[in-house]
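In structure tokens, one chain follows: the form predicted alone.
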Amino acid sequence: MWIIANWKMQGNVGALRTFCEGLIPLMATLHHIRVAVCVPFPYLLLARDLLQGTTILLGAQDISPLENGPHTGDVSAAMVQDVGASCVILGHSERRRDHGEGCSLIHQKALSAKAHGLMPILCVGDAEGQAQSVITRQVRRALGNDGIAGAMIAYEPLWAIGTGKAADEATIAKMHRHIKSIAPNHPVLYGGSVTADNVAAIVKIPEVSGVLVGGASVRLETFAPLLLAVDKARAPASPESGPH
């Protein structure tokens, strides 16, 4: 079960040190989850040093589809991989909204990520009331005709992100089944106001392979209870005692 922490444009050096110093010993007590922490570009190198030797993966929040050259402000997949990242979030709704990113660009970024050994986490999302065809189009265009082996897909309903109101379990199950019908070989995560209070119910949905966590992932005070809730929810059920 994957837990992807997306810090977005938040945090600082002190906060990252405190977070990692608390997260590392906590992870040693958890047995049913895999965690990746995706921090802003300036903190990737420090996060690599702090997480070295642990099972916690380091991730970036975006990359350029370009390899190198005169592209001021862009960061390539090779650069991200060079400082220790092993995964990258691509096509997040905030990138689509704030920077006008479309599926073709996201596909090119995913190809570059794969070429440099990064696991793409491809985000797709729909506005409230939109047809499933919106998600179908996003998934197919992001993966491309030949697919992106090893990529994960994160479903994030736009009306749930940052609102404190996650999608209900029936909606999550329906949309994840739909995505799995299009991309059966890819794990599908849920993202959108995931908290310690609702995550256990979310990860018990059979079609859910993990969660993409935003605001609740930035501080250990909110992230640790979430991790504990997922680990407990995913633990094998104890065998019932038989009759005596």
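Quick note: we count residues from 1 along the sequence shown, nothing fancier. If you're wondering where the values come from, they're calculated on a predicted model, not measured in any experiment.
There is another form of the same protein, the form predicted together with ligand PEP; it is not shown, and what comes next is about it.
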{"query": "Ligand PEP in the predicted bound form reached by all of His92, Ile161 and Gly191, non-hydrogen atom within 4.5 Å", "finding": "yes"}
{"query": "Contact label in the predicted bound form: Val199 to ligand PEP, heavy atom within 4.5 Å", "finding": "no"}
{"query": "In the predicted bound form, Leu212 touching ligand PEP (heavy atom, 4.5 Å)", "finding": "yes"}
{"query": "Location of ligand PEP contact in the predicted bound form, chosen stretch of 50 to 58, 212 to 220, 66 to 74, 174 to 182 [non-hydrogen atom, 4.5 Å]", "finding": "212 to 220"}
{"query": "Sequence-ordered residues of 1 to 36 touching ligand PEP in the predicted bound form, heavy atom within 4.5 Å", "finding": "Asn6, Lys8"}
